[in-house]
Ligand SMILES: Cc1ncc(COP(=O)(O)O)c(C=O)c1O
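Read the single chain below, which is given as structure tokens and is the form predicted on its own.
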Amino acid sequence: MNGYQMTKQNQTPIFETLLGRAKRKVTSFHTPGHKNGKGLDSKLKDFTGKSAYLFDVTVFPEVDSLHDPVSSIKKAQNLMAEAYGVQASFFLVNGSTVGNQAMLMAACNPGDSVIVSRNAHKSILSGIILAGVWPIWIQPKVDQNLDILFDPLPEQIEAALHQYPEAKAVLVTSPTYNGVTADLVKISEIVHRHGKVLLVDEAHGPHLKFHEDLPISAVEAGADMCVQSTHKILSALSQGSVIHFNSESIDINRLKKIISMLQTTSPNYLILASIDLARRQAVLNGERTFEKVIRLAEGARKKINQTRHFFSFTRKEIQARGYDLDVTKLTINVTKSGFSGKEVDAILSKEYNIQVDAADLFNLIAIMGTGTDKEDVDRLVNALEEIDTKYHGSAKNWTLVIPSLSTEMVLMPREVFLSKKTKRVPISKAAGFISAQTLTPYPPGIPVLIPGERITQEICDYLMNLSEKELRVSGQETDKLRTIKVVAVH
């Protein structure tokens, strides 16, 4: 950016508007009922103070409307679009979930189909249901050396586009939860050469644009739309996210209407202000901030890889597999320790007062952000080094495996989701039926059954094996996984 643009990016229209109002001590006869923090429960007010609650206002002309922005919110969204180099950006207060739903509903008409990897976030499935589209699933790649899943390679996407030329869009998750990014430049070229739309769930990548040693962002790689969780790595409050629009193929007015339809009419202005401020921080200080974070992350990775029982894969290892890595995410494999990731997670939480973002049988995922400092990283590394010598688990024989998931879609997920014509059958007898529920085992954290698809014997065997091990599956509606909800055929 030039000097003028950088000066402009120093502005924070939403924050400045709210701050000006707060300083005037306006008497509130509008929602919310706590009235500038005066009515808060005393325990909450004693802990937090009440200044922040002066920002918790309702919609009126001075503070602008998220659903029809004409002043401060409009200016803030324009600054966000300029910062990321896109045509338009829209603030989201329902997290990236609502952004993923809006992308699908704006890019596709009911009855269209979309190519998507099976390990997409569950909000993608909800978007598929809301949009009334057909999903064309691509089987994710399993890496049993690293115990993680990879999104499709460009060649897999090209093959899917040849096999399903009717597809309207391709939806890619990049980065994944593990920080692995796809070759978005190549994927963008392939998708647009086929005349399709590229949508990217970039929830974990709002920071990528702001340091040259991080993987390329979707906004730079040519995505038509992407969604970013401004709260995940940058400094916005939880639920603060953004959808970036940069397409000649999608109607921007349709997108605006859909975003408005999906979002609350009572947005939290403190969240909006935090998105505004997070953008300014990223533009003005992002390179310096992420230089520090990258250095801390790589230092931690090196020390973790010197322990006996833990390891964190490197960018070089991921690049050798055809992908790239956001090194600020630490995936810490624990399989050699004899513990599961969940067990190590519990030790870190109870004994060391450290909370990681996620854990499964194989890995912990430690996410770093603008607020991560050396003391935090040292505490994590020191704890892992101590656990490495102090604790000894029993040997585990787990292997990351998934059944074939590119199964036959018989009915549209929306149709099954809204149908009441369902029944339960034992897992052992479910092969051949049409699934009426979503079942997602952790790991690997991807649905093995989705409404509307044919249940295979391989999937039944997989679920029965999980049931015998008494591993809980997200979506099961009973204490024990013994039956599957299916479409009742009359």
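All of these numbers come straight from a predicted model, not from anything done at the bench. In case it trips you up, residue 1 is the first one in the sequence shown, and so on.
Just so you know, the form predicted in complex with the ligand exists too; it's not on screen, but the next bit is about it.
The contact residue chosen from 181, 96, 117, 328 relative to the ligand in the predicted complex is 96, the criterion being a non-hydrogen atom within 4.5 angstroms.
This chain appears without its partner; in the predicted complex, the one residue of 173, 312, 363, 101 with a heavy atom within 4.5 Å of the ligand is 173. None of 292-300, 71-79, 119-127, 317-325 except one has non-hydrogen atoms within 4.5 angstroms of the ligand in the predicted complex; the exception is 119-127. The closest non-hydrogen atom of residue 219 lies beyond 4.5 Å of the ligand in the predicted complex. Among heavy atoms of residue 280, none comes within 4.5 Å of the ligand in the predicted complex. Contact check for residue 256: every heavy atom lies farther than 4.5 Å from the ligand in the predicted complex. Taking the partner from the other structure, the ligand in the predicted complex has a heavy atom within 4.5 Å of a heavy atom of residue 232.
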